[in-house]
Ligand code: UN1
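Shown below, as structure tokens, is a lone chain in the form predicted alone; questions about how it binds or moves come after it.
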């Protein structure tokens, strides 16, 4: 790793000059082209420079992973777990440095960045011991002198593409369990967070991951990412794991489907947050502000629709609007803010287009004023708004669930408000989008809680808490337009990175045919209880 002075923004840190990592070697792209990663909070801060990989580079990485697979899958699982433990130790040792890079590269607040690194640490600590618990089973046979076993086996070479909003936590959810289970990996980090990806690769190397087991190729989604998906058709990949947009996830699902691969797809969301008439409104407002605007609304689990019982709707709206007006926005390296910039210009551009969608739907713009500039900035803004990619928080009122603004994921600091008459209508509206990722309800009524848990179509739910947030030992994922029912994290993710292998061992010395040679219990003449009970 080579660090160079960043003359334009020395106060922010040095520039990371990174490489692809293929078969244990740092290499340039075959075309010798590069791209830059800049700080979305301060565009003069050049965070890093990285190879702009070609399909040739991606194929070379797949070949390296294929060649390394046989040795890695035969490495005892407890030994693989020991390497996972090393990863956790190195993440802990470098937590502050990694968090600082996350804040520089994608604009997370320092607190969020530290939490993101901690999520990766927790994941490593959880899975280090799973190397001693990749249990199979012994199964009783219906034949004599015959034993039946099941084993978990690694699947093979795994293609991984991750998004930039959680540049360390989400890759750890995929890479760590995949490694633990004995798979090899070709990973394309987000080009919005290439520096974080490069540094994570150095940690994997220092932890003792053998050469070829994890290969990292940098570049854009349209080029390097698309090339990695093509490797499925070329037969190099036996597993694919993707976090990103629903549109790209559908494409990956189609490619994997025709090759009979089961991908892991963690996609977008339009997550409902219900506030019932008995809720603690101050708590609900606090949770709604964070759910809607934390990370500038750039989480797949960010709240999309707030569903309000009519009896408290006006009171909630007044409290919510007052709280949103107090949100502090700006450069997270210059002061304490709730949220910083949009991750990249393309996300800001998409976010700005949503204003026209809301107006066309007939929704009421309760709050929000486009892109933040020097002449158009909220009170207390931190830093220079025109040196970054900042957006006002947006609230749309008088929204109906069939409006486009309520159906589509915006991926930015925007929320819609809908009113309902009762819990039945609340559940109907909450389940009224194509998505099914996260959800939340604020209530103290146990009947409402039960109905919510029982009827919500989301993969994850909170009661009296935010729609966002995940713990390393709980399953994470969704269904519908949010994913294909696969799960990340906890013991459940092991099913995604292993295949079951059934083995029977016949010790009888002769051919025994199940179902045909089985010695079933002979049917006997049944006792007629009526004769036993007849009176004499």
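Positions refer to the first chain, counted from 1. Small disclaimer: the values here were computed from a predicted structure and weren't measured.
Omitted from view is the form predicted together with this ligand, to which the following refers.
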Tell me, which of 130, 119, 361, 205 has a heavy atom within 4.5 angstroms of this ligand in the model of the complex? 119
Looking at 494, 63, 52, 470, which has any heavy atom no more than 4.5 Å from this ligand in the model of the complex? 470
Picking from 184-192, 334-342, 83-91, 461-469, which part of the chain touches this ligand in the model of the complex when contact means heavy atoms within 4.5 Å? 461-469
Check, residue by residue, if 166, 173 and 476 all come within 4.5 Å of this ligand in the model of the complex, counting heavy atoms only. yes
Find out whether any non-hydrogen atom of residue 300 is located within 4.5 angstroms of this ligand in the model of the complex, and reply yes or no. yes
Hey, in the model of the complex, is residue 305 touching this ligand, heavy atoms inside 4.5 Å? no
Is residue 416 a contact residue for this ligand in the model of the complex, using a 4.5 Å heavy atom cut-off? no
4.5 angstroms heavy atom contact with this ligand in the model of the complex for residue 215: no
With the partner left out here, which residues of 270-287 have a non-hydrogen atom within 4.5 Å of this ligand in the model of the complex? none
